[in-house]
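In structure tokens, one chain follows: the form predicted on its own.
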């Protein structure tokens, strides 16, 4: 009955028209008023000339990218195999916005999953139910609230976001739904259809090309804990003075960096920077999140080492505007080499956290081992519903045959998807 009432809600009133930027976000009133100020003829002429030059440069980039990917992406894999360094360089410079949705699907492996699983998304949306539906509805209005697409209550944007999140919560009931997932799905929906966004979410969380991300959203956020351990060690190694200051002020990465990993910078960061990070993230993997985080700390290093606890926390959550320029911070990030060290720290973290479990298993009898395994299985059904309340737990039902079938489909397809990187 409750589900029926929710689905019959009519869209709310359309919000009044307001100026938006080129990405669809509402322009703050102070920016809007400043844009309306009168400029002299010489300044207007220079601005016009700059805009024209930028448009011409963007058109040249689009032509190069269209030639690279072919019609509907038909030439993409061939081009990646022939000229991987050219692809890497162009992705790091930024994918043209008009082609971003298609390229994201190609580099993530989600296009292959979509083509090989026809009708699955429709089945999940229309004919399955999720225990997370009310949680999803509650959180939808908090996802990109200043974007025109998600503004209308129960409007097209909010309905699409609900459908994608609900479908994934059914597809993988072990993960279900966690608040931070809305920002991933919302970002994807701004560049592709519901079904495309769903399969890209699957590709990310299940690891079609890179390591699976589902550990970011499982009970206890295990992958977040690993990433924070790795990041803390990297800060101490690359920025020892700042690392020492963090120790003195009792600052740890969980106080400021958790959302960097959970939402891949799509939450509270300038959208143009988030997009450029996502271009690289989908092609190169999570390493870019560590690199950008270190680059931000390095950029603000001299100021951060002088701040006491309260001001330090505020600064780490509110970086200055000049640090948010993609053309400034991303070259700094790419110059920070962390791939080998990240792998070493991953093994160090897993070895450190697996020892107690191994001792418990080896020292117990077969009956005790069976009971221990049962407890682990029960705990795997516990969910953590929000970013802010990661310790809050609720029970989810075990995976259904549909979610098992989904995993088999993904496993079968992942080998082909990985050819994108080869």
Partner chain sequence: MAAYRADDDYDYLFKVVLIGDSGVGKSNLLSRFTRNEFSLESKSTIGVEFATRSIRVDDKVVKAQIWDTAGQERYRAITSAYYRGAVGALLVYDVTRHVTFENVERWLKELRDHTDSNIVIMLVGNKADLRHLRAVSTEDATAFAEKENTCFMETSALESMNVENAFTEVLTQIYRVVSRKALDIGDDPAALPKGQTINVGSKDDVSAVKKVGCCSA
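Numbering follows the first chain given and starts at 1. As the structure is a computational prediction, the values presented were derived from the model and not from experiment.
This protein has a second form, the form predicted together with its partner chain, left out of what is shown; the following refers to that one.
* **its partner chain contact at residue 217 in the predicted complex, heavy atom, 4.5 Å** => Residue 217: yes, in contact with its partner chain in the predicted complex.
* Check whether residue 309 has any heavy atom within 4.5 Å of a heavy atom of its partner chain in the predicted complex, and answer yes or no. => Yes - in the predicted complex, heavy atoms of residue 309 and its partner chain come within 4.5 Å of each other.
* Asked: Going by a heavy atom distance of 4.5 Å, is residue 241 a contact of its partner chain in the predicted complex?
  -> Because no heavy atom of residue 241 falls inside 4.5 Å of its partner chain in the predicted complex, the answer is no.
* Asked: Is there a non-hydrogen atom of residue 255 within 4.5 angstroms of a non-hydrogen atom of its partner chain in the predicted complex?
  -> Residue 255 belongs to the contact set for its partner chain.
* To do: Can you check 263-271, 157-165, 90-98, 289-297 and let me know which stretch has heavy atoms within 4.5 Å of its partner chain in the predicted complex?
  => Checking each option against the 4.5 Å cut-off leaves 263-271.
* Asked: Heavy atom within 4.5 Å of its partner chain in the predicted complex: which of 230, 179, 130, 105?
  -> Partner contact (heavy atom, 4.5 Å) among the options: 179.
* To do: Answer with one of 146, 117, 328, 123: the residue that has a non-hydrogen atom within 4.5 Å of its partner chain in the predicted complex.
  => For this set of options, the contacting one is 146.
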